[in-house]
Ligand code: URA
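Okay, here we've got a single chain as structure tokens, the form predicted alone, with questions on binding and movement later.
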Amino acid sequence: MESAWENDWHLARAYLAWQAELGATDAICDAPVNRYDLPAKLEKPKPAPVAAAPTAEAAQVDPVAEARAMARGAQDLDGLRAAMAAYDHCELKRGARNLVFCDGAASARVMIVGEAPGREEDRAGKPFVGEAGQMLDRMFAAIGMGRTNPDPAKALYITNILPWRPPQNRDPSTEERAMMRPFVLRHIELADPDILILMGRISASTLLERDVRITQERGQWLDVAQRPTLPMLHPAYLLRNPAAKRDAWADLLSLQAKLRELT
């Protein structure tokens, strides 16, 4: 006996739609099917497509060498900022809001090189504007210096090793620091300060090209880029370790004496 839907296309289609709504995915035949039965002849698997080999040009790209070339090509600070903005080998650039280039007076006798922007710096596009930056301002104000002082002898010029914020404020990797080091060295050449301050372990290790224990090497006058260089404790460290402010004060007095000596 034929059912009603066998001769009614529209009714059959409605039944099929209803089955699909219930989650049916396969049609069942009158005879059972052994779905685990192997076919008489298995097809040979097709080989996976071979990925194209990288071109010679792509294989020879050296991010550090390219950074050196771009940094050397910058003839002034605006050109250096543009070169850093155009540099595409550092992945930190993808997740940053702003390129944090500098703050203060480029004519200042003292240039501070920090580590990397934090959340507040990334938002503002300027280095040392968060809690650690406020501590830095108070530190140098104690010896009559500041980033907004119009007198070059009392002004500060501030930058960082990295212009982009690392995610979760993690330490910059060795590769990230190596890529940006040529830009920092060119930044120092173009700003041409009398004295460099390396603020924190990352800054000191990057520009001295060796692992630095900042608590042991702070306060010692060194040489970077042919100018007197003083490693100091990072303001963030001082916020966590208030007792270390005594060492920071000694370093500030040493800086003050060096400025008088060079004058």
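Computed from a predicted structure; not experimentally measured. The numbering used is simple: start at 1 and walk along the sequence shown.
The same protein also has a form predicted in complex with this ligand, omitted here; what follows describes it.
Colleague: Answer with one of Gly118, Pro172, Gly104, Pro193: the residue that has a non-hydrogen atom within 4.5 Å of this ligand in the predicted bound form.
Modeller: For this set of options, the contacting one is Gly118.
Colleague: Check whether Arg218 has any heavy atom within 4.5 Å of a heavy atom of this ligand in the predicted bound form, and answer yes or no.
Modeller: No.
Colleague: Residue-level contact is defined here as any heavy atom of the residue lying within 4.5 Å of this ligand in the predicted bound form; does Phe128 satisfy this criterion?
Modeller: It does: once this ligand is placed as it appears in the predicted bound form, Phe128 has a heavy atom within 4.5 Å of it.
Colleague: Does Pro163 make contact with this ligand in the predicted bound form, using a 4.5 Å heavy atom cut-off?
Modeller: Flag for Pro163 set to no.
Colleague: Should His234 be classed as touching this ligand in the predicted bound form when contacts are defined as heavy atoms within 4.5 Å?
Modeller: Yes, His234 sits close enough to this ligand in the predicted bound form that at least one of its heavy atoms falls within 4.5 Å.
Colleague: Tell me which stretch of 81 to 89, 120 to 128, 68 to 76, 182 to 190 has a heavy atom within 4.5 angstroms of this ligand in the predicted bound form.
Modeller: Selected stretch: 120 to 128.
Colleague: Which residues in 80 to 112 have a heavy atom within 4.5 Å of this ligand in the predicted bound form?
Modeller: The stretch does not touch the partner at all.
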